Each structure stands twice: as structure tokens, then as C-alpha cells.
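One chain comes next, on its own, written as C-alpha cells: the form predicted on its own.
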Amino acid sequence: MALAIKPGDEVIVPAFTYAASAEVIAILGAVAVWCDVNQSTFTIDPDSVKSVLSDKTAAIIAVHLYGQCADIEALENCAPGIPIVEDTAQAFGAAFTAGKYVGRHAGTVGAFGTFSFFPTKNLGGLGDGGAIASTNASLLAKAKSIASHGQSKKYHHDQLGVNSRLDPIHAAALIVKLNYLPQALIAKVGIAGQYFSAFASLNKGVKLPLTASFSNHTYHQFTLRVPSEKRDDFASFMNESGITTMIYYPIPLHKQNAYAHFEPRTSLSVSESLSNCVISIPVHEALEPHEVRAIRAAVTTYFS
């Protein structure tokens, strides 16, 4: 709404992400234009974006999936002047380690950065909640007004708005938890490191997550790629071992009923392939050492 996206405008979004990334496009009557993702990093593929650009492209939603940064610089190079909205729901605390934005954090370099404080996220609150960020003062002021019923001041409604304000109790909890975020991220990276060491010799088609050359990884999720014909059996084995696994995401968005009217314009073969083979294992910072050992042992036992 702050970017004035209107019916008929096109917004490019990965097909391999959570529905919220595309939901906002459809709600405004705009057209979701699907692009594919990188096979190894799972983030938006700039070459795929370039293939679906048109004179109606009004924005790009770049999803920092699973905990690392998408290639914002490459997106800017292939689509100069097009606003980029960073969906940072899964990558709070991730940072660019090379290139134009080295030292900057995910969610701070696009026209807008959006953040989720859902309890399972890197910085989780007491319930649903989120935030927006922008270095463009006028865009940020407009967004803040929209989020508070379009008010410029109390009872002065200058534009169409919504009620999208963070509850103060949630905010208070988040302020406290924010102090512990650095050590939580260090713990997650440490757990991921144990997984890499334990699983390095696994064969039978198991592939470990790859960190992009321009980003660090916060491991919101530790996502394996396993043979599609083994995934359900592996999930059952882990469940029987008392270990929860999750699939993010089993159905790409272009195959969801709610978005079926947005016809793909380019190959989405990577998104379709990943939806059949990805599976995430626990990497929460509160895992006890014996729990991490049990997870390592279960995965190794199954695939060895």
C-alpha cells in the first residue's frame, strides 16, 4: 500500500516461499508474477526475475529464506529502479558479508524490509506481530500512517489505512528478548556446525544447506535435501525417534488453489523440485546438547 501498488500492477515473487509473500499482492488486486529460486541457497534467482520483468513490474519481493540473505545487489542490477521489498521473516540478524551491502543487515537495504516476530522466528514474541523498516523517510512515514488507520495524527485520517500496530505487551517482551538475540544466533550457528560435521560423509543423495558467498546464515531452519522417494519415510523414522521435522514448503505457490489464476511465465522447475525433497530438522537455540546428539545420531543412522 505504501508503494502505491494498484490493480493490474505486477509484483515478482518467488514460487517457493510462504503464502504471506504473495498474499499481499493478491489482496491489492495486483498480479503475482512467479520467479524461481536458487537450487542451493533456496533464495530468489535474479536470472529468473530478469526473465519475467515487464513494463508493468511495480515491485519485487525478495525472500531471505531459511536464514540467509537473498542477492539484493544482483536484483538491483537486473531490475534497476524497481522497488525491492525484503521479506526478512526468516532472517532477522542475517548480514551481507560481501558486495555493495557488506556489513548491512537483511531488511535494511530495500525500499522496505519486513520482519516477523511470530514465536518460532529468530526474534520471537508472545504471538503474532511484525515490523517494517525503511531508509526512505517519506515511505516509512506513509507506511506508519497506513498501519495506524491512515492517521497523520489522532482522528485525522489522510489515507486509507488498516490496524497493523504491534501490541505494547508484545513489544515489551521483544525489547527484552532482543538483548539475547546475538547469543541465540551464535547458538544456532553452533548447532548447525555440529550437523555439518556429523553429516559431511552422508551419501544416498543427502545434500546439506549452502551459504551464499555474500551472506552469513542465521539458520532459522536447517534444511536438508533428500531423495523425494525417501522423504516421508525419513520423517516417520525421525518422528518415531521423538524428533520433529517440518517441510517448508510442500506445495509451491503457483500450485496453491488461492493463486492458481496467476499463470507461470517462466520455468519454476527448481521450486517444484525443492518442494518434493526439502525437510528441516530442529536447530532451535534452546536445544540441549543431548538433544543435538540424538538428532545427529538419528539422521546419520537413517542415511548410513
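Computed from a prediction, not measured in an experiment: that's the story for all the values here. One-based numbering along the sequence shown.
Omitted here: the form predicted together with a small molecule. The next part is about that form.
Among heavy atoms of residue 20, some come within 4.5 Å of the small molecule in the model of the complex. Taking the partner from elsewhere, residue 89 is found to have a heavy atom lying within 4.5 Å of the small molecule in the model of the complex. Though the partner is left out of this view, residue 249 does reach within 4.5 Å of the small molecule in the model of the complex, counting heavy atoms only.
When contacts are judged by a 4.5 Å heavy atom cut-off, residue 63 counts as touching the small molecule in the model of the complex.
Heavy atoms within 4.5 Å of the small molecule in the model of the complex are found in one stretch of 76 to 84, 140 to 148, 121 to 129, 190 to 198, which is 121 to 129. Just one of 215, 223, 134, 116 comes within 4.5 Å of the small molecule in the model of the complex, counting any heavy atom, and that one is 116.
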